[in-house]
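Quick setup: one chain, the form predicted alone, written in structure tokens, and binding and motion questions come after.
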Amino acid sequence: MEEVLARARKVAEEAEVYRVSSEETQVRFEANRLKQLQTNQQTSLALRIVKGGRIGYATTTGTGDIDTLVASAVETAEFGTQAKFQLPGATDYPAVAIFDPAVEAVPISEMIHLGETMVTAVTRHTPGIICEAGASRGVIQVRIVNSRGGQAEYRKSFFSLDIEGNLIEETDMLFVGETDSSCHPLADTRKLTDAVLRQLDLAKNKAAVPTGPLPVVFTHHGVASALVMPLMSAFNGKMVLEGASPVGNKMGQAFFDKKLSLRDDPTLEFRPGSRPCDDEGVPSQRTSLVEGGIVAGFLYDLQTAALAGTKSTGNGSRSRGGLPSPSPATFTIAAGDTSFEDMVADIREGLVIEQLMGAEQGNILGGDFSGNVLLGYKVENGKIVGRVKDTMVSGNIYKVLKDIAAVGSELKWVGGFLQAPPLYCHGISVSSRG
């Protein structure tokens, strides 16, 4: 990396070298049987330069030719975007615990056992169900050096478990599932299988809901599938800069229900999305986005922050060494004070939504969502009475989140990057053939 940087400094005003390498071992089960054992290793090396005031960029995998890498970056700079940022110099980074050496020590035999245990628990409970499951472990190493003396390096471990079941009865298809992830090894399969068995028990009976506005409780997974993508786009500094964000000109204003607070916090310990710095070497920080319903901030990388006349929030992220762009690392919706059971008990007739399918195909920037209920339950007189079929819900998250009935007291991680409570919302539009 130092050699690449030295060559680049000879032909450019500024230069940055970014390297990410990873090793991941996966165990996969399909159709209730062990299907695959696989270990993948990847390394990407990226060079970003500023030449003639413009950004040049090139990347290679493994150990490519240095002269070719530098020449490619110089060539792209001729057509590159005007650089408005300054690379960070030497700085201190927060101590964020994200590496556990025990992850690398987990034997493949144990990972196979974890998968078998999950599949066995679900298939014994529901004969005829077809399961996919898996266990994954790995390590990611990131290093950044630049021409201003900036240097950053960290190592992160990750471990994940997942189980999904598909039960087909004539024309009826039921999908259930659960995941868990951490920077520590995971061994508690009951945490996942108990959640799946609960879904199966609630889905045993069928129920129909009327068409029209109904109260809806989005579970943790329901929040992830229906509401999070529009919020991530809305608080992206690039969308704000381009005037495309509905909240971009609402800084300091009460735009959401006062019960809603939202932040990005990559300093949380042992979370797969956490890190001591972003992919540009800017120190990680906790960034408040919504506090008590008031818009409090946005997420920036170096370039978008400079164009917006502000500072990077440490949210410059790259995909396998690509150019940085603003992105959340660990998205967190703050817990409320109402239990899930109390939310359900409050509903005379409504829905609990575990998973929407296709919600992200709406007008994401405008906050619109519309999707089929892949897994959801009808509530009657404060009790879940059965699974709904042939049902769609739609709405606009900004209208929904302006008037929240309650925010759940139980937080749960979804997909490693989102921590969310259940949300109890008024008047969601429901369309049902039932």
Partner chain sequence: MPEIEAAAESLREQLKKHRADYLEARLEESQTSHITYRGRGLESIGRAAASGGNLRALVKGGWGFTSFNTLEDLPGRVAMAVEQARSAGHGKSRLARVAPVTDRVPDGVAKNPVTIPLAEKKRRLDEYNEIIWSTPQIQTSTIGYTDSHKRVIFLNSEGSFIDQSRADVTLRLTAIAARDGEVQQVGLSLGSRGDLAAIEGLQGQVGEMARHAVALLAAPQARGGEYTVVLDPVLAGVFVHEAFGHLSESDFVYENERLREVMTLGKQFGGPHLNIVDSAAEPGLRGSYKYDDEGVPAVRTYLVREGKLVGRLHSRETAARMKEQPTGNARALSYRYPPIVRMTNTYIEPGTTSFEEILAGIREGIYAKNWYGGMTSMEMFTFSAGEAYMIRDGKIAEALRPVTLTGNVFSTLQNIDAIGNDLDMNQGGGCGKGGQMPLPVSNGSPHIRIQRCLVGGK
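Quick caveat: nothing in here was measured; it's all calculated off a predicted structure. Numbering follows the first chain given and starts at 1.
Same protein, other form: the form predicted in complex with the partner chain, not shown, and the subject of what follows.
**Student:** Although the partner chain is absent from this view, report whether residue 30 comes within 4.5 Å of it in the model of the complex, heavy atoms only.
**Tutor:** Output for residue 30 is yes: heavy atoms within 4.5 Å of the partner chain.
**Student:** Using a 4.5 angstroms cut-off on non-hydrogen atoms, would residue 349 count as touching the partner chain in the model of the complex?
**Tutor:** So residue 349 does not count as contacting the partner chain.
**Student:** Closest heavy atom of residue 368 to the partner chain in the model of the complex, within 4.5 Å or not?
**Tutor:** Judged by the heavy-atom cut-off of 4.5 Å, residue 368 is in contact with the partner chain in the model of the complex.
**Student:** Using a 4.5 angstroms cut-off on non-hydrogen atoms, would residue 390 count as touching the partner chain in the model of the complex?
**Tutor:** The answer is yes: residue 390 has a heavy atom within 4.5 Å of the partner chain.
**Student:** Find the only residue in 239, 114, 183, 96 having a heavy atom within 4.5 Å of the partner chain in the model of the complex.
**Tutor:** Result of the distance check: 239.
**Student:** Exactly one residue in 308, 187, 200, 167 has a non-hydrogen atom within 4.5 Å of the partner chain in the model of the complex; which is it?
**Tutor:** If I apply the 4.5 Å criterion carefully, the residue I get is 167.
**Student:** Given that the partner is absent here, state which listed stretch (289 to 297, 68 to 76, 133 to 141, 268 to 276) has heavy atoms within 4.5 Å of the partner chain in the model of the complex.
**Tutor:** Stretch with heavy atoms near the partner: 68 to 76.
**Student:** Checking a candidate spot here: are 41, 244 and 372 all in contact with the partner chain in the model of the complex (at least one heavy atom each within 4.5 Å)?
**Tutor:** Affirmative, all three are within 4.5 Å.
**Student:** Within 396 to 419, which residues come within 4.5 Å of the partner chain in the model of the complex, counting heavy atoms only?
**Tutor:** Sequence-ordered list is empty.
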